[in-house]
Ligand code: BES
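The form predicted on its own is given below as one chain in structure tokens.
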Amino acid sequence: MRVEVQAGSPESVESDVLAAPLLAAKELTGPVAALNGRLGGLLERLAEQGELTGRLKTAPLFHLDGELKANRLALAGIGAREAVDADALRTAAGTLAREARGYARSIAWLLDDSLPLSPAEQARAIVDGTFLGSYDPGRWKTEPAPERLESLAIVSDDEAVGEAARRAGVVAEWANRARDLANAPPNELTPEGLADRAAEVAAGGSPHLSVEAPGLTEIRELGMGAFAAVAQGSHNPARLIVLRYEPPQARGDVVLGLAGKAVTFDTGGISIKKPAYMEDMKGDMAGGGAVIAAVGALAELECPLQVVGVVGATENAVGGGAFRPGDILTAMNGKTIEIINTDAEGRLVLADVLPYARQLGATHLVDFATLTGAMERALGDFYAGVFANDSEWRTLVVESGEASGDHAWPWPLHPRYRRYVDSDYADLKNSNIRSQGVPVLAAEFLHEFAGEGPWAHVDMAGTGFFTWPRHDYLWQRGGTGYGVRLICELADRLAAAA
């Protein structure tokens, strides 16, 4: 979809749909009030009759019959003024995109200077909502739904709006590419298939972006005993996907390290999962998919920051070669791990991926993983949990999530939790049979492998892949692209501070 910014009045906009945000208020304000005057008080009469309410997830469309150059007018509800935020605008734009995508080729949005968001913030949210709200996960259907939406215009003469809209369009497009990865069937997106997709990202983008994807033999040669153990039960070989973005004018000596869990299908291994919704375990690679897509986005945006992305791609399969409860593994950093539960496999993959990212030069490290079902039970599908060994780094990650729409919430780490992953036989164990503090114990486990320097762990179990649709602009089942927007915002802030 093409994103553009154009100056002009509502009367001059040529588009299949002209849209404006509508507050749930007694009086019409902003561009809606101006349109009401141009249309002879029609909108005020409709509001009095209850047809225009401004409630969220409402976007009534009106045929204009020549009153304006646009063919239709949509007034998308954004709720009460005191509750208006970027998500309200994302939801309004997503609602309209969902409604109009079957017939409209172009949508133009008017901004409202009276809202508690700057024009640039409004533009960013509208682009987000349009791109993410119009996404169709059904690309494997023999007759997919028609997609006609080609262009999105933001009507503004504010210079900051143009850059915000352009950047948001790039990031949202890459978030949708991450969704494609998460939604791909596991017989198609094997670890090798994910490595191929990463190679396509590198081949089609910046000359400063490169990728390599060594296989299981090299993984073992690197001493990654934890990762290799998870991989050994599958007929589809694992891949260690490494992306490097090295712009010539990188700022400072900061290297952003991104680590991703990419279990392309998770049976649970010998500690096998229940069958209900097991088909969604194709989405257990959403963290790794987000890392791959985000590095592609940063390269396209020409972010002036060195970035290294390391993704552990494997299946967790059941078979005669699968690792077992009771096994003791040796990770890359030399620590030994007793296996209690083979379904706690993501932390084993990251136990080797994290130190490798440090070895490749990461000074600031953050991992993304659909790690614990307990995180989804705690925060639902709206927030991911963030743990860190550095409070300033955790704050920066959380703030980047909030600013981008990938919402994140800080969680604690404390050395007293460490004893719950103590093992009688090894340095630590990968799980605890207690049902208390599960996400915290997983984070404490990863802490042992995070190395020196700032590190954050993002447990995106609830936000990375939806079993049920969410009631906003992310209304589709399946992959959400969570993490791509957060990473791009984080990289911008880190580059600015470097």
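The first residue of the sequence shown is number 1, and the count goes up from there. None of these values were measured; they are calculated from a predicted model.
Keep in mind that the form predicted together with the ligand is missing from the display, and what follows is about it.
Although the partner is absent here, Pro146 sits far enough away that none of its heavy atoms falls within 4.5 Å of the ligand in the predicted bound form. Shown alone here, Asn341 lies within 4.5 Å of the ligand in the predicted bound form, counting heavy atoms only. Of the heavy atoms in Leu348, none are within 4.5 Å of the ligand in the predicted bound form. Contact annotation for Leu371: at least one heavy atom lies within 4.5 Å of the ligand in the predicted bound form. Only one segment in the set 363-371, 206-214, 183-191, 329-337 has residues whose heavy atoms sit within 4.5 Å of the ligand in the predicted bound form; it is 363-371. Scanning Val318, Met281, Val170, Ala250 against the ligand in the predicted bound form with a 4.5 Å heavy atom cut-off leaves one residue, Met281. Of the residues given (Asp112, Asp128, Glu376, Asp87), Glu376 alone sits with a heavy atom within 4.5 Å of the ligand in the predicted bound form.
In the predicted bound form, every residue of the candidate spot (Asp266, Lys273 and Ala461) has a heavy atom lying within 4.5 Å of the ligand.
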